[in-house]
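Below, in structure tokens: the form predicted on its own, a single chain.
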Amino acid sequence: MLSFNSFSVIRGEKTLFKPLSVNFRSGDLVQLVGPNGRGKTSLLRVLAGIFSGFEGQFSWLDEQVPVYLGHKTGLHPGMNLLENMQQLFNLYNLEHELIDSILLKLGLMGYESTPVTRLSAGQTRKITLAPLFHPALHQKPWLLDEPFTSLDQETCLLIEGLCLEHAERGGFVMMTSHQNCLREDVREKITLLQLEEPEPQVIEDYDYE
């Protein structure tokens, strides 16, 4: 599904983590682990094709195009909930006929005409995660950056279950998260990928005599 060969992310002239050489298969659920600034978000952005600072190689099986959901909502403050949802679905070329049922699953039914500026942080997070419920994205790899931020426990469990179902269908999930998963069956499935501090650069001493 996804292969790394001596891969690392570069910001400026700095290598953010020790190079990776590892392969992942369909059905894997991977959580990136490392301190702030180690490059977890940047790694996801490279895999999504929206950041080009890296060295080494990575490749997707059959050149698949992943779904990337960043930790920033990207919602339009001048639109209401439904308008933002429709805009997100258009971004992923998704039909709109399932929006109502997805709103119901996420507990957002009845808020369609509410401006997003009046929604809670948890409700806006739910909007950004809504496309994952659409079957058209169930064949694509998922790259999720802090998907559980601001969510209540019930919704965390729902999203964890959705990720597990995706993996069990043969999908692939790679995520960052600062909190442990609540569901035991999800914790048992997760592969932790530790981003380690890179080796210090060795500067050779030259004899100028």
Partner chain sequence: MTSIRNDIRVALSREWLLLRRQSTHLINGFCFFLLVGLIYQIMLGPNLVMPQGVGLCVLWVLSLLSILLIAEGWLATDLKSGFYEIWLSQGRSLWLLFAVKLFMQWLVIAMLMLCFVPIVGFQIGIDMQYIPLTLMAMVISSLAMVCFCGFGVAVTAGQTSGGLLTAILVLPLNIPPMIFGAGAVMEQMQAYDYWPVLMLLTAISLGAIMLIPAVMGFSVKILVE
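Numbering follows the first chain given and starts at 1. Note that the structure is a prediction, hence the values are computed from the model and not measured.
In what follows, reference is made to the form predicted together with the partner chain, a form of this protein that is not presented.
Q. Among F51, E83 and N90, does every residue place a heavy atom within 4.5 Å of the partner chain in the predicted complex?
A. Yes.
Q. Looking at G161, G27, G56, P66, which has any heavy atom no more than 4.5 Å from the partner chain in the predicted complex?
A. Contact check passes for P66.
Q | Candidate stretches 168-176, 27-35, 66-74, 148-156 - the one whose heavy atoms come within 4.5 Å of the partner chain in the predicted complex | A | Among the listed stretches, the partner-contacting one is 66-74.
Q) Is there a non-hydrogen atom of K140 within 4.5 angstroms of a non-hydrogen atom of the partner chain in the predicted complex? A) Close contact exists here: in the predicted complex, K140 approaches the partner chain to within 4.5 Å, heavy atoms only.
Q: Answer with yes or no whether K18 is in contact with the partner chain in the predicted complex, where contact means some heavy atom within 4.5 Å.
A: Outside the cut-off, so no.
Q | 4.5 angstroms heavy atom contact with the partner chain in the predicted complex for R187 | A | Although the partner chain is absent here, R187 would stay clear of it in the predicted complex, with no heavy atoms inside 4.5 Å.
Q: Indicate whether M79 is a 4.5 Å heavy atom neighbour of the partner chain in the predicted complex.
A: Although the partner chain is absent here, M79 would touch it in the predicted complex, with heavy atoms inside 4.5 Å.
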